[in-house]
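A single chain, nothing else alongside it, follows as structure tokens in the form predicted on its own.
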Amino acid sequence: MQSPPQLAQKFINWFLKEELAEEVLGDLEEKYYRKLKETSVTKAKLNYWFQVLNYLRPFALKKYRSNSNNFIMINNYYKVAWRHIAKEKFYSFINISGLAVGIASCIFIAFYVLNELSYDQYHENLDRTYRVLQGFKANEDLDTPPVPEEYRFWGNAPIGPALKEEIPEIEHFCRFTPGHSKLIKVNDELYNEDGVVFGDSTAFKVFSWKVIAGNPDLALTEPNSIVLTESQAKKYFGNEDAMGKIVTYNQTVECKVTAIMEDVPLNSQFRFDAIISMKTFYNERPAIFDSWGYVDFYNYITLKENTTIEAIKPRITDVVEKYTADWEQSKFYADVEPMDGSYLNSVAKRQAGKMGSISNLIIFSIIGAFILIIACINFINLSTARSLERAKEIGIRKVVGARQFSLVNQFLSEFFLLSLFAGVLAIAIVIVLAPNFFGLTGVEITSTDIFNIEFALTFVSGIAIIGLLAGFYPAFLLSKFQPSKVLKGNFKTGSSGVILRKGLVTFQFILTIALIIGTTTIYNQLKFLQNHDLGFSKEQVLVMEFGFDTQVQLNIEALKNEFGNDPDVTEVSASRAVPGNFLPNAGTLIENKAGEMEPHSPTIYEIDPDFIPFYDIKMLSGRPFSYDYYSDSTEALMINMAAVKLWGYTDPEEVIGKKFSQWGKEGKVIGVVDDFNYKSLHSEVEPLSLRYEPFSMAKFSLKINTDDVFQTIQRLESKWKTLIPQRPFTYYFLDDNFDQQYRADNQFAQLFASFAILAIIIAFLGLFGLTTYTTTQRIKEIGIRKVLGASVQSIVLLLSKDLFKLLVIAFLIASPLAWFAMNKWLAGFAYQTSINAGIFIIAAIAISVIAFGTMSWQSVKAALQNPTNSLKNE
């Protein structure tokens, strides 16, 4: 059993009265072991430390006496510090508020980063669970495995059972299907669900999702069984007990609720609302469970204890070659990657859920460090700017016997006190802004997250470190003042201190300029994405889903006419998918220049003849599908320009009339469309095939021309209920849905801009401190210059000269660094804006306006001051 932390025991033995030690240590040990039974070792040790620190009270301290000089001295330090803070209210407010905003920003960033790092960490078998990746190559380089970016997590069904059978070290495999749109019926209510998946019976052995009713080992073993999440059970059955109730899937398949589980945690990459047993899916389509070429599954494996993945990796290749040995002109590959960290690190295509970005976490961590450094520099500058005001106090203290060590302690006490006030204010800011932060990032910060032992210890340690970092230099500087010079009135601070302060402010400017350039680049890129010509029209397009409903497919043209008769609907088309949707790949052979049938696997759109004109997709060669050619639904194929190049052609005219074979159809290529961005601009346009397939349709696209969208949708819903009563009315606007692909980018931009603005505000508080300091030091010089006839403009110019030099130096350093960093960020987009000179000009103008505007407040005030007042005091 883990013993109490030895360092904590040594610490309490060091400060605790000897007569209390035995009893207190015994009590602490008893509490520690009791806590150990209730919670983790880490929490028990943290609690032990908390209890130890709780004894840092006067009655328990060694050598403590009521008249102890040390106690009186410490008490005096904090009393003087408090009086000074209260006396200088304005400067104290600036110091505390700047540091508080910096600490609050760091707390928000820390919660965001920790939340991203926590994805899937709650699974008990995480260190033994791996995701199976699948790759495919055709025609060439068959002996060279795909690079990691060419693998997909989305794959076939038989590989999981094959690996389990051939490799004894694999304890479990588990497969899920994606949450494609499914029609669910419960008590005569219809639901169109995207979160209902098929899953193997081993789901609760591989993953640590908590089942609150039912037997997790048996819940998914039988066909026609379904497990609901708690929220989904409440949605279907309210407060009734859902166990044993019937949920009808796909209008005919009745599934019995065999278990209720807690909702899948938000920090899970793969999320769902319900699991139907995989055997139910097998009974519907048994053939695909033996097909190594059909992909629609996510595969996980869990290794047995004391097994390493390196030991079985070579055997995975052997298994794959055994089952796909008969493949000709193409080859199947498989690999595995740890589930731990896959949310942030996986580069495979077709993921099971949303993905995080490790580069974004690094950027935010750097920004957090920037903000804290800027806040500390601000703190130092403001403190040193006020040092002259305390010179006489220090001189007198030294004359009456104060040593440098005691003065350093006194000033550090003041800075610790300021840091503590800033920390408390930062907590208040975090609590107040937590709902806004949740709305922006989806990361929830509750009172439990803040008021606990771990956070308290981290917070106290952080405050102590910040107080030490920010206060050490000012405390050391102030304590070095020479009493003889100070009291004679000819005291001046050294040039080294001035150089350091200017260096710190220049560093602040470097960070600020870099953040301005970064923010401008990010917004330019998002604007570029929004305005980029996608090659198709997505405005005013309403999409209505009918989920492959057979009755709709049989009457599809009649239904299109009915919806097209609405006065506000100008065009109607039907398709399996629309731009922005998930598309399957299709093994396709097309005749190449050599006259051979060459295999590749382009993505596939199944559309009707109205689709091409509806979306204004440009034809490059040949013709689109037409109702005038009956053979178009059986013997015709269209491809895009990227597919033309994939098959070795350069001119789209060359591929027209070439033979093709795809998914049981054979015929000729009749048309080539221009490359349109049917997916996000993060990736290049991939090779695409299009075919007219009336019985694979799942969506209507309607072009609407009206200002009263609400009334139009109400009419369409009413007509839908009459024409398609067996399906719920589900719709969305294409532009909104397509832009969802940039949701993570928009969130990143908003977070980056928010923290950049905070950093800039804090940085210019530092500039205010420097301005105060320089004008205070030069007040006598300004008075003499005014007596000799200097104008206000010339004095302001004189005071601004140094600032201009600092800005030029900072700009020259920050510009190339920011350019390099943002080019790295833009590399994640296939289509990207350029970092042009305008961005640097904007940054230069912005920093100059803010900097000189901030400084002018002090310099103009000094230049307008009556010189007799300044000279009288010298």
Partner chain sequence: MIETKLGDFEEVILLIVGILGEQAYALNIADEFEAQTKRAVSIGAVHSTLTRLADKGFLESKMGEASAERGGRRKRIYEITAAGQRALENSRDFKVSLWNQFPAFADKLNFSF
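Since the model is a prediction, treat every value here as computed from it, not as a measurement. Note that the rigid core is defined as the largest set of C-alphas that superpose within 1.5 Å between two forms. Residue numbers count along the first chain shown, from 1.
Keep in mind that the form predicted in complex with the partner chain is missing from the display, and what follows is about it.
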Check: Does the partner chain get within 4.5 angstroms of any non-hydrogen atom of F820 in the model of the complex?
Finding: no
Item checked: Close approach of P816 to the partner chain in the model of the complex, 4.5 Å, heavy atom -> no
Checklist line | Partner proximity in the model of the complex: E22 to the partner chain, non-hydrogen atom cutoff 4.5 Å | finding: yes
Check: Can you check whether F829 is within 4.5 Å of the partner chain in the model of the complex, heavy atom basis?
Finding: no
Note to self: Among the candidate stretches 834-842, 53-61, 820-828, 802-810, which one is within 4.5 Å of the partner chain in the model of the complex when only heavy atoms are counted?
What the structure shows: 53-61
Next item on the list: Quick one: name the residues from 13-38 with any non-hydrogen atom within 4.5 angstroms of the partner chain in the model of the complex.
Entry: L20, E22, E23, V24, L25, G26, D27, L28, E29, E30, K31, Y33, R34
Checklist line | Q832 C-alpha moves between the shown form and the other one by 2 Å or more, core aligned | finding: no
